[in-house]
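This document starts with one chain, in the form predicted on its own, laid out as structure tokens.
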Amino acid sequence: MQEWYFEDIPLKQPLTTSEYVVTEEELIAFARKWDPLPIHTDPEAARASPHGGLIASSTYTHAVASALGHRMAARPLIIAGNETTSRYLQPVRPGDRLVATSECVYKRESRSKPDRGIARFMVTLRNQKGESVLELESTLVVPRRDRG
């Protein structure tokens, strides 16, 4: 895996991850611990819901997007996350095959700390049908090579 300093991050060059397959067992286990609503944990109750079956919690969906981002062939070194905005567009279901695309849309040097920069990424998580299930805008604090 290639890790980027601030200077290395390319603008407007989308990168796509490998695929992640959502299993019913993992979806339910995650929800039992972190978001125990029946639409996430009980297949029978979920079938009777407006969703017509089990769906992943938003927290699970975000965790999958995050994990995929960390598995990319190239990604920024991260000092800290600064801000994230999320939009959940379609439910994630057992058996879905998810792929993330990430693109740096903005970056600037820090005004107060010369050893770092700020980079904003747009991340889209899609299912096997090509439907966007999650859009993230994530702002990261990234170390600079020439000032560190």
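When you see a residue number, it is the position in the sequence shown, counting from 1. None of the values given here were measured: they were computed from a predicted structure.
The protein also exists as the form predicted in complex with another copy of the chain; that form is not presented, and the subsequent description refers to it.
> Within 4.5 Å of another copy of the chain in the model of the complex, do Met72, Arg111 and Asp115 each have at least one heavy atom?
No, the whole trio is out of contact, none within 4.5 Å by any heavy atom.
> Could you confirm whether Phe121 comes within 4.5 Å of another copy of the chain in the model of the complex, counting heavy atoms only?
Taking the distances in the model of the complex, the answer for Phe121 is no, it never comes within 4.5 Å of another copy of the chain.
> So in the model of the complex, is another copy of the chain close enough to Glu44 to count as touching (4.5 Å, heavy atoms)?
Contact with another copy of the chain, no.
> Examine Lys33 and determine whether its closest non-hydrogen atom to another copy of the chain in the model of the complex is within 4.5 angstroms.
Yes, Lys33 is a contact residue.
> Test of understanding: in the model of the complex, would Arg87 fall inside 4.5 Å of another copy of the chain by heavy atoms?
It does: once another copy of the chain is placed as it appears in the model of the complex, Arg87 has a heavy atom within 4.5 Å of it.
> Considering another copy of the chain in the model of the complex, which of Ile28, Ala100, Val92, Val64 comes within 4.5 Å of it through any heavy atom?
Filtering the options by heavy-atom distance leaves Val64.
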